[in-house]
Structure formats: structure tokens, C-alpha cells
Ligand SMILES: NC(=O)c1ccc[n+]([C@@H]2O[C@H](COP(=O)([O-])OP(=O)(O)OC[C@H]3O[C@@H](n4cnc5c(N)ncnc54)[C@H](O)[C@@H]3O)[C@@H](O)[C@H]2O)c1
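Coming up is one lone chain in C-alpha cells, specifically the form predicted alone.
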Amino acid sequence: MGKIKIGIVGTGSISNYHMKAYRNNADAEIYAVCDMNAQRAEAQAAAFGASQVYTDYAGMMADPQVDAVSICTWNNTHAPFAIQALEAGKHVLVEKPLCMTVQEALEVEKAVMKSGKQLQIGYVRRYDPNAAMLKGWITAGEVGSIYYAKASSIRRLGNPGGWFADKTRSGGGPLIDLGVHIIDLCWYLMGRPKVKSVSGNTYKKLGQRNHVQGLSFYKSADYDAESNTVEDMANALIRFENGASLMVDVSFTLHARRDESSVRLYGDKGGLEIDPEVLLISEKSNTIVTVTPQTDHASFDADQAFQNEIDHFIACCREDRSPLSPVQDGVEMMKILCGIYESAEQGREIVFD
């Protein structure tokens, strides 16, 4: 088998991680780049050696040379682009979130089953070396049965604006953008239990806070301080059918002392932390001990995680095997995310059948 020829859809910042990783993979070739902005598409194609440039997604899907696509576009395009690619006989790596609604997720799942092609969701935290290490500890029984997890992704001043702040394109704010990462990481490490219910809150109190001086933060290419239709902050309690529970809070902007990222899991034999550092808390000879592993990655390494993610995707395409983050997990994650938004809107707990 020759190299897997890749089509990159969208040239925003996240696509750089994909392109760098594909370039480092000996079994992949960045063949085509597609973006509505021809100048950006041509610039990225030149930077990464792609021979074909498209401004029309359908045109790229009609190209028989394209074996697989990376979808790095607005959230509202994920489902239709993924389905179109699958129907065209392409393998798909779609950035998180899988889509914007549960119904869309089910439609993508149906298209995957019908096509016989692979679809991998960009839950990049699963591919982090530290996550793999913790998963190994959990499988070996180091912490026993995990019954509770707690995760935070707090930004003091981090609303990127642009499409991130436009609900029609993003589907929501920090919950669907940041929360999806930490919720999925906890859920994955907990063994992917089926969700039973969610109770959530969302708040829109502070807006984009572009008036604040002396703080730099990420801004999207189409940043507009006047446009913001998403939440500033969200929190939720997620209950699973096996009795385990997960508490999560996330924000783009909040009157917090500092930015914060923490992921902690608790089992009946020990506890784990992966953010901001990796720790194993256990008991030895009737003494509580905290173990800090010797590792090359003290914290989350985005470059390595994306490389692992892309390498895994190429291997799944070549070997026709299901990925670590399959479409079925995307369906369950959309149930959780949409359930939290629904709970916040209705002011009640959402219980799933």
C-alpha cells in the first residue's frame, strides 16, 4: 500500500497541528488543502507541500486521489462534511466536537456504518502519553473502581470571539469548546460508562471583556468584540448508570484569580491526577502516599498528543481497524453536552432512557 493521501479541510489554527503531524508520518502525504479563503488555502498548501488547492469542498470530495480527510472547520460543518466524505469513500478524522446535536451524531454514525470507512474523532487528550500511562495504571487495578471524577478548565479572560462566540457556528461556548476535552478524558479513563442523567448551569455575565488591559489571550481570525452569543461559563454534574459521577466546570472568562486546569479521578483503591501534573495517590503499608512518575511529559504535550492522534488515524486507515475515539463515543458525548445545555435552559435535571 502506498501513502495515504490526505485532504485538509479548513486552514484555521488547529489545522497546523494536523499538518505538522501528517508531515512527520512516513505513511501519509498531504495531498490537498481546502478553504473558502483561497489565499489561505494556497499559503498552507505551499507551506506543507500539497499539490492541490480547493475552495469548494465538493470538488475535493470528487477527487479520487484523496484517501482521507481531516475536518478542521466550524462545528456546524462537522456533520455534513463528515457524511459527504464518508459517502465519497474517504476515511475521516473530524475535530472535536463531532457535531452540534445528538441527531447529527446519529446521522454521522449511520453514515460510518454504511460506508465501511473509518471515522476518528479528535479527542486529542486520549492520545496524550500521560493519558495512556494512566489508562495502563487503571487497567492494572492500581486505583480500583473509579466512582468519582472532578475536572476544571477555567480561563480568566479567554473568549476567542469570532466563530467561537457565534452559537450558530460553534453550538456553544466553553462547554462545547473546552469542556468536551476534559469531560471526554474523564469519561474515557472511567471506562466510558453510559450516561444516566445530567444537571447543568450556564452563565452569560461578563461577555468578551475586550476592554480589559494588560492581558493577552487567543483571538480567532474573525474576532468581533460586538458579537457574542455563547455562555461565559458552565458547570455540570453528570451521573452514569454504574453509579459513578463527574463534576465539571469551564469558562472562557471568569473573575478568577488565575487560569486553572485540573483533572482528578478517585477510585476505591487510589486516586489519579493528570492536570496540572500526573500523580498517583494510594496506600502502602497503612500509609497514604503520593507518587510522582518519572516521565518525559510532566504535563499535557499538545504536539506529541496530536502526533500520536494522527499516527493512530493513519494506522487505522491502512489496517482497516476501529480507532481509539470512534463515532459511537461521539454520540454519547453529544448526549452529555446537549443534555447539559438543555438542563441549563430548562432549569432541571435531564434523565436519559
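Keep in mind that what you see is a predicted model, and the values were worked out from it rather than measured. Numbers follow the displayed sequence, beginning with 1.
The next section is about a form of this same protein that is not shown, the form predicted together with the named molecule.
A single residue from the set Thr77, Gln84, Asn210, Thr202 has any heavy atom within 4.5 angstroms of the named molecule in the predicted complex; that residue is Thr77.
Comment: the named molecule is not present in this chain, but in the predicted complex one of Lys117, Arg156, Arg264, Lys96 has a heavy atom within 4.5 Å of it, namely Lys96. Checking 319-327, 286-294, 66-74, 25-33 against the named molecule in the predicted complex, the stretch whose residues place heavy atoms within 4.5 Å of it is 66-74.
Among residues of the shown chain, Gly339 is not one whose heavy atoms approach the named molecule to within 4.5 Å in the predicted complex. Proximity of Gly122 to the named molecule in the predicted complex: non-hydrogen atoms within 4.5 Å are present. Though the partner is left out of this view, His312 does not reach within 4.5 Å of the named molecule in the predicted complex, counting heavy atoms only. Put simply, His181 is close to the named molecule in the predicted complex: some heavy atom of it is within 4.5 Å.
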